[in-house]
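This document opens with one chain alone, in structure tokens, the form predicted alone.
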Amino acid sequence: MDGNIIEIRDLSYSYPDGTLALQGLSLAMPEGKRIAVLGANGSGKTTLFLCLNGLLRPRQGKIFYRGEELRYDKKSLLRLRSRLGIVFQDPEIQLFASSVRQEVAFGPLNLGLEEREALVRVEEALCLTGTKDLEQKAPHMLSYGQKKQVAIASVLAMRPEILIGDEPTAWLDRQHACRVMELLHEISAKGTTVIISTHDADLAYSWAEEVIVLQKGKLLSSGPPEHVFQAGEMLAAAGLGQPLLLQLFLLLKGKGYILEGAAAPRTPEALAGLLKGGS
């Protein structure tokens, strides 16, 4: 468990209709990292997140949080959910209050905090997510991108140790998608472990520090993105493509424009630096 905030051992889950969503899944998630869970639709990403949060109870296997096995009594689940928060793919299913401020205050107030402490957390979450100017507005009147930001704020106000985002850029335009990913990067920089699901290899490659690839509920690969994404056959089996930046790096390296032994770059600027250095 050294350095890992979550460990999963032999996890399996079947839905009532018989669909086997997770099959003997074992993996570890390091603390304080940006982690992307990748896979095609139906690979088990959302089911995994719901199991981590205790909303689903696996058929077999165990989940450990900081070395302590997850238990399913009410007290244990409440404690877990105060430390591990999920922002669902569709923010509208978790927004219900009459104003943004009330929405963000709901979680900390229900932790039993004094009102003064709860309000400090609300202000902190509103400012970090850039939603302070929306605090008196009704959530259902916001744009879809703003709803995503408010949903994130409502989870941040709980000050979780882990923030999970299920397809955080789904249905967002480029501007709002970039803002959400920048926000998740900022949250990670403050020490929170941030885990997202996505099928976007380019997004995962540029953002994540650790990548987990699933296929039909099974673990195909995990590790640093610059290593995982070089396994072309594995990616094809998972229904994923290789990030364009990595493809370009490998092409240029193969043609001799980049020196052998150079590490795969994670940004266009880093790739340009390799070309300049090798010229």
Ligand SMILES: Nc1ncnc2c1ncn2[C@@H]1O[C@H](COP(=O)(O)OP(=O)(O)OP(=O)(O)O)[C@@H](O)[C@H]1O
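Predicted, not measured: the structure shown is a model, and the values here were computed from it. Quick note: we count residues from 1 along the sequence shown, nothing fancier.
Omitted from view is the form predicted in complex with this ligand, to which the following refers.
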item: Listed residue (Lys147, Arg101, Arg121, His199) with a non-hydrogen atom within 4.5 angstroms of this ligand in the predicted complex; value: His199
item: The unique member of Leu25, Ala21, Ile258, Leu271 whose heavy atoms fall within 4.5 Å of this ligand in the predicted complex; value: Ala21
item: Among 46 to 54, 226 to 234, 63 to 71, 247 to 255, the region lying within 4.5 Å of this ligand in the predicted complex by heavy atom distance; value: 46 to 54
item: 4.5 angstroms heavy atom contact with this ligand in the predicted complex for Glu167; value: yes
item: Distance check, Gly42 to this ligand in the predicted complex, heavy atom within 4.5 Å; value: yes
item: Non-hydrogen atom contact Thr192 with this ligand in the predicted complex at 4.5 angstroms; value: no
item: Touches this ligand in the predicted complex: Gln89 (any heavy atom, 4.5 Å); value: yes
item: Residues from 124 to 138 in contact with this ligand (non-hydrogen atom within 4.5 Å) in the predicted complex; value: none
